[in-house]
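The form predicted on its own is given below as one chain in structure tokens.
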């Protein structure tokens, strides 16, 4: 998952895209041994992908790999432009919750038969879920990594305040325990804010849906009903309103780090924030400052079950790929490349393959992040796999930002639910997800 994903409405490109694909499919495009790969990433990822491409070319004489490194925040617009121009690359990296939109739009083809079978068999259940399209249940994307969110604290601080430290998913704090911990921490010496929800990531960011939707699901609701694909009655139902009201109360009581305070309040000098509701990537930052005092805990269980997020940037093959077999061969080569894996392991990459997990001491049994990996296997729930997801996430982001700023939760969630349902209605139900009304 990317914490700063821009909110791009791919569906707005739909009509032009479909036409372009139809036209582009008959063109020669890249030659069979010339692969175009579109991706985004941090500097270390750009370096290692470049190196892998060179090794692939050396191992496959005559084949060339053209890398198209694309700015993160403009990624979806670049894909839309490529579709419109009939120049969609052979291989595309994409953010997992947008997969349904890409498949529904006709951009991608299944990859299960293009990849090495051993690689597909090696995927974790969460990785399979993030790459699967619910209509045909086919696998359309794969990644070496996945993601999760955990709760971080100071072992010393929690022990001094006699706050129980959960050690497994089954042992997670209940809703009452979590709120009691926040209340105790709010009066502890040196604590300015008991909880950092990373509002500093912004008010128009995928982080809001990624990190906060699990609270709704744990409390028995969701941003949309995943059977009827209607938001009204679910997102604005009592359970979701209660969840949003509870989060708003944390802010009203001054327990949450404000957006203006920055992203390092958990480990800044004096540790003004006691707990951090952070992505798996946050561990490396905190550990570098706090050492072994950082304790990683599962997300609280607000209702009958604990729920955690998943999903990250994964790899797919375009429907218009000039040589799908070669594209699958490149992805299989890259995802099994030892140096590629070492680079992600060095940056605390969250395992999406079982073999990668076994080789990652951080996530192995008794590793510092072992409980986070356990959590992904037991409680991960993918964001709604529906082509309207760009609208769903944007509506939820706007609602939660307004609720955090003091707006009425019921009114905001009802407004968001209507916006989602209107979009689905405007698109005739995004058939075959729903029927036109």
Partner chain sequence: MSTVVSASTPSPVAKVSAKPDIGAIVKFVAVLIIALVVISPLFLLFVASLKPDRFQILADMGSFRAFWVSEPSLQNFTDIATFSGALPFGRYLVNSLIILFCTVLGGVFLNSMAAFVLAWGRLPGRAVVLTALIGLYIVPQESIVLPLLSLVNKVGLGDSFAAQILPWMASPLYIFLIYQFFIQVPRDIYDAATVDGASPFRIYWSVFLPLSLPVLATVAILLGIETWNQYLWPLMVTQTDYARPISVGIASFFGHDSVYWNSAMAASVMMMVPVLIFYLAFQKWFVSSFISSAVKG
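This is a predicted model, so every value here is computed, not measured. Numbering follows the first chain given and starts at 1.
The form predicted together with its partner chain exists for this protein as well; it is not shown, and the discussion that follows is about that form.
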Within 4.5 Å of its partner chain in the predicted bound form, heavy atom basis, the matching stretch of 354-362, 227-235, 280-288, 115-123 is 280-288
Its partner chain in the predicted bound form has a heavy atom of only one listed residue within 4.5 Å, and of 370, 53, 68, 382 that residue is 68
Among 84, 186, 245, 259, just one has a heavy atom within 4.5 Å of its partner chain in the predicted bound form, namely 84
Look up in the predicted bound form whether residue 405 has a non-hydrogen atom within 4.5 angstroms of its partner chain, and give yes or no.
-> no
Does the 4.5 Å heavy atom contact test between residue 268 and its partner chain in the predicted bound form come out positive? yes
* To do: Could you confirm whether residue 332 comes within 4.5 Å of its partner chain in the predicted bound form, counting heavy atoms only?
  => no
Query raised in the report: Looking in the predicted bound form, any heavy atom of residue 59 within 4.5 Å of its partner chain?
Result: no
